[in-house]
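The form predicted on its own is given below as one chain in structure tokens.
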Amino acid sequence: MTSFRSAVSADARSAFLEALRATLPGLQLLTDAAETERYRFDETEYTRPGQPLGVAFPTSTADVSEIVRLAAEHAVPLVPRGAGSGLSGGATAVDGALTVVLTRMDRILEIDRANMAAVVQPGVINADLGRAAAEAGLFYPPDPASFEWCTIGGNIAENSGGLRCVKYGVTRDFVLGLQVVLADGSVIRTGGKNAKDVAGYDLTAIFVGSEGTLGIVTEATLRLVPAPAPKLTLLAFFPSVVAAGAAVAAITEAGIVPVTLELMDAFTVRAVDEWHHLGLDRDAAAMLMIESDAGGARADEELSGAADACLIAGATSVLRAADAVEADWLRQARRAAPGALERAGVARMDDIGVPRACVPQMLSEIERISAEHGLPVGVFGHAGDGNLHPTFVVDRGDPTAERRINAARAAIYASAVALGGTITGEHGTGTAKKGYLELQRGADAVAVMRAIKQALDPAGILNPGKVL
């Protein structure tokens, strides 16, 4: 994946930097390559970012507005960036572009208990918002695996998901309104704290998941919900991933909606257990982690129903966490699955989704494609909402790895789309998947996306080369 290259002349770039320093003298601006290097990449393997013109750290909406206004005036492209935890290349640097890092806009402006809402800047860490909401007896459900360091702005840009999506939904479901700096530097607000608001087009939804290609989010109003009961946790082990997939489909068909329904295949179970020594069944071909936060008798009913579905599907063992501490260990181990696989080599995590009833077929397809391409693959993910993360693990020095992985990825995407699924369930399109967008959406739908991009960013300065 090569970087988009800006056509702006060296003189224009130099004039832009001079104007930026003169207009915003308090703005931290890095231009030395040694200092900007760490801001070139996100967490996506096999990306080839460009060399940025510089890296700026605004601290207010006014800063961002002025940066964008000057960039538009000098035709210099911009790359908005949060913590860099993305997995699709959405925040990777562009040659000749200014990377705008929003992590210093990190204030929780309000926790509004009466309206069950939070107002935050984009640099707020997901977990910090969760803790602040909990102090008010409220709950912010979206929880990407990187929740301890990813930012709300990045979550909004990618429409991130997480372990609790099966019950609560993704980031989009919790965004009530936004403050956005447009491509000419003007600032708009969309939505607000109203529980119901259907005035005009839903501009909030357009910006969520747009990966900084339509505007830069500088404030978000987010929906909170009442704090749930403590979780009860169940593990089920299976003789095959297809049997685990069948259990997922059966749980869904039974109308059980756990807060967490996660899958790990044998490769991932072994990698996690070798790292964390949790006593997992290393002989099992797959494991499901199922949790309920319904509370009381209802939680027991949900887990009992899920256990029955697992046993009917062929589970070899089903057991509950002994206490909240053990449950938390297991949950954290699932979140650590990507890191556990990275210990075995270069781990290229992917992200696809299918209708929940198709999870067994998709797992079979991943096994087939892995065998055909001779690539070890660990599979884990949010099986309860059909979102799977096939992760290729290769030797660090393998010169054929990227080519073989790309061929296998293409086959997996084609299989997912054939099942009515998606090329990305929560990681976004970025640079990693933009070549496959038309496969899923079709040429006419992509043309509509291009028209929206052209209308909002006619000069193409916002995160160029991403998504489309």
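All values derive from a computational prediction rather than experimental measurement. When you see a residue number, it is the position in the sequence shown, counting from 1.
One more form of this protein, predicted together with another copy of the chain, exists but is not displayed; see below.
Novice: Quick one: of 387, 99, 268, 260, which gets a non-hydrogen atom within 4.5 angstroms of another copy of the chain in the predicted bound form?
Specialist: Exactly one residue meets the criterion: 387.
Novice: Within 4.5 Å of another copy of the chain in the predicted bound form, heavy atoms considered, which of 122, 162, 245, 77?
Specialist: For this set of options, the contacting one is 162.
Novice: Although another copy of the chain is absent from this view, report whether residue 153 comes within 4.5 Å of it in the predicted bound form, heavy atoms only.
Specialist: No, residue 153 is distant from the partner.
Novice: Just to confirm, residue 179 within 4.5 Å of another copy of the chain in the predicted bound form by heavy atoms?
Specialist: Residue-level check for residue 179: no, no contact with another copy of the chain.
Novice: In the predicted bound form, is there a heavy atom of another copy of the chain that lies within 4.5 Å of any heavy atom of residue 435, even though the partner is absent here?
Specialist: It does not: once another copy of the chain is placed as it appears in the predicted bound form, residue 435 has no heavy atom within 4.5 Å of it.
Novice: Wondering, does residue 231 line up within 4.5 Å of another copy of the chain in the predicted bound form on heavy atoms?
Specialist: Residue 231: no contact with another copy of the chain in the predicted bound form.
Novice: Given a 4.5 Å cut-off on heavy atoms, tell me which of 68-76, 249-257, 313-321, 364-372 is the interface stretch with another copy of the chain in the predicted bound form.
Specialist: Stretch 249-257 is the one.
Novice: Among 440, 444 and 451, does every residue place a heavy atom within 4.5 Å of another copy of the chain in the predicted bound form?
Specialist: Affirmative, all three are within 4.5 Å.
Novice: Could you pull out the residues of 401-428 that have any heavy atom within 4.5 Å of another copy of the chain in the predicted bound form?
Specialist: Contacting residues: 420, 421, 422, 423, 424, 425, 426, 427, 428.
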